[in-house]
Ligand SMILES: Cc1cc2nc3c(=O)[nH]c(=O)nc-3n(C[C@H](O)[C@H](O)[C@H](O)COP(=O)(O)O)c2cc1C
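Take a look at this single chain, the form predicted alone, given in structure tokens.
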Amino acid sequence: MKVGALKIGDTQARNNLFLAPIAGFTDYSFRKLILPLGVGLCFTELVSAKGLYYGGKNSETLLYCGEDYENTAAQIFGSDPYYMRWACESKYLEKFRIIDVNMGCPVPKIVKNGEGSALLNDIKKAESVIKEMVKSGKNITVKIRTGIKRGDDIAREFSQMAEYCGAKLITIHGRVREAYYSGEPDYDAIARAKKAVSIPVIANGGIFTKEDADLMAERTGADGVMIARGAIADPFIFSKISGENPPIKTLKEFALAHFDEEIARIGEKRAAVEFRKFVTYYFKGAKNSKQNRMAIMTTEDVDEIKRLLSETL
């Protein structure tokens, strides 16, 4: 695929390779380290607009970006236009140039509240949310799926609506809600949406290698790609696609630096526990991975964790 800068409203991403927001994974520590490895734009973890309105401390924490708000967009969710616009205009999001609204999250507790991918079934409500957010003056982008159930294909209609309402970019996960993260992406649905709008379209879903990214771009004609789990499994995937020479060269260096960032941000004891979920990805295919992964899962000794990381990677 062709890699280059991408205009989003009145701002510009340094390239068209995006890191997806992944709850519990793409926190500030991870984003800080992966940004120099070829990423054009990162997104915060999913944040509730109502949570911000009612002063939820966790919501505010999820938005922390250190000093780098230039290369990070905020992603929020909700279905009430008032709260969504309020969040866009609030002090919490004032440093962000781009605000993404999630209308594709498949998680049951979000869908049951009429948020996330539930909005794919209510295009009028989705329209009112986007219109109200656009009034904030921010660059509003939208993330969707191709539908709720197998056989759905609403990406084209939804993308046209989002552009009409003033959205500056749309990201399409090429699967329906009931598929979650399994199965081949619906390249054709993304391609039809791309042809129907003039704003940039980013394709998402099933990208774990450079070859996957090339195939996605070729089959859909999208302006760029968004990578989720593939970036956790291989933080160097962006530099492999872009051809950039990353400052961190090995997975061992990345994992150790990541763990140090977590310790600095949340303290040794909590970092030892929080880091466990990354180890499953980092150790995949490594020698003695099962034995050492289990050892990490049962210790809070940071020196021992670092030793095991170094030994395995």
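The model shown is predicted, which means the values in this text are computed figures rather than measured ones. Sequential numbering from 1, following the sequence displayed.
FYI, the form predicted in complex with the ligand isn't displayed, but the following is about it.
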> Which pick from Thr220, Asn102, Thr72, Ser239 sits with a heavy atom within 4.5 Å of the ligand in the model of the complex?
Replying inline: Asn102
> Heavy atom within 4.5 Å of the ligand in the model of the complex: which of Ser79, Ser117, Asn204, Thr141?
Replying inline: Asn204
>> Taking the ligand as it sits in the model of the complex, is Glu274 in contact with it (heavy atom to heavy atom, 4.5 Å or less)?
In response: no
> Quick one: does Ile227 come within 4.5 Å of the ligand in the model of the complex, counting heavy atoms only?
Replying inline: yes
> How about Glu244: is it within 4.5 Å of the ligand in the model of the complex, going by heavy atoms?
Replying inline: no
> Taking the shortest heavy atom distance, is Ala23 within 4.5 Å of the ligand in the model of the complex?
Replying inline: yes
> Among 252 to 260, 27 to 35, 63 to 71, 45 to 53, which stretch has residues with heavy atoms no more than 4.5 Å from the ligand in the model of the complex?
Replying inline: 45 to 53
> Counting only heavy atoms, which residues in 171 to 187 are within 4.5 Å of the ligand in the model of the complex?
Replying inline: His173, Arg175, Tyr181
